[in-house]
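We begin with a single chain expressed as structure tokens, specifically the form predicted on its own.
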């Protein structure tokens, strides 16, 4: 059994959906297949824009944008030869979307719950289109929302997490369909709470949906289809010598995703780890190519497997002599940020315990500064809260770094040779990555320097990339 996930670019038009359906059918004749789909290309961004316009009271713009989405989906349905009943279902969803947008317009409010409902329409509209393409080819296909498939989540809107009973529910809903010879087409990215309220798993959540299903059904492999050849050792737009990676470990992929790689949802591999189910990044343009295999073992390589970077970051520093030997001060800082949904990408504390520095996403910098300043500046702990903007994070990732001496020295030396100043450094005890905060203007130079130091070798075991049409590990 395989679970196959198709991203937005492979669902971008009727022709692309038809091609994706052909890839499903190529393997569906040999084994059971569950398909997970994203929204059509650009639809999630369009829905976000429509939500913002509705909240701002821009009704004419909202109406025009809704009409464009309606035309695009109904045209795709007609091109795929979709049955009248399915077209009617799609049109009813589009009408519900219109009503949702009008409700946001009337209230002038877009809450987390409303945003999740709004964004869910992208996948809820694309799943019937994929099912229609499979049905036209003579297969039995059933379109399901994540909730209908059994994906039960918390009510943390925007970043919902699956509840423990999800695996059993997925099995109960999907295995009977597979047994009767149907192909379930499940909406990625979305689930529902125990009371039936729609939630989303966060951007990239379709990968997470696929791996949750794969683990629940004990699939042989989970395949995520891309319009690229696999995962690369760096962003080819920054590094001309970037190479395709044949193998990655679960841990390496999680680190790459966390630090900006457009590879997978950061939590995507977690459902697969316990059972050791492999995840494969496949190329729709070359279906016979092996792609990149993600598994428990990394495979032979040097100490560093890839270099990734995250731009649009900032550094928030909280300082004060009262923080020394006052662990409750740290607890309150992190608790306050967590209550506002702000998470740190990197954390560093001085040995005196008088300074705490956090790397945050750029959009969270000013809200965090205001929050902590208002709460702590007049307390007995904190003397100052400062924000440094225009920051980027560069990370080198590889299981081969574990126990290998001289990796940090080599990295720091390569960056120093280029005159790059390090603002902050972090390395976990797992020794799986070294993360550096630098000035944003030095991001590309730092990525090239790190890649040159560790990966630009003619005897590298991975095949060299041709051109720039590959999966980037930079955000």
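For clarity, every value in this text was computed on a predicted model and none was experimentally measured. Residue numbers count along the first chain shown, from 1.
Although not depicted, the form predicted together with a small molecule is the subject of the following passage.
Q: Verify the contact flag for residue 237: yes if a non-hydrogen atom of it lies within 4.5 Å of a non-hydrogen atom of the small molecule in the predicted complex, no if not.
A: Yes - in the predicted complex, heavy atoms of residue 237 and the small molecule come within 4.5 Å of each other.
Q: Hey, in the predicted complex, does residue 227 get a heavy atom within 4.5 angstroms of the small molecule?
A: Yes, residue 227 lies within 4.5 Å of the small molecule in the predicted complex.
Q: At the 4.5 Å heavy atom threshold, is residue 9 in contact with the small molecule in the predicted complex?
A: Residue 9: contacts the small molecule in the predicted complex.
Q: Does residue 263 reach the small molecule in the predicted complex if we count a contact as any heavy atom within 4.5 Å?
A: The answer is yes: residue 263 has a heavy atom within 4.5 Å of the small molecule.
Q: Exactly one stretch in 356-364, 337-345, 228-236, 168-176 has heavy atoms within 4.5 Å of the small molecule in the predicted complex; which is it?
A: Correct option: 228-236.
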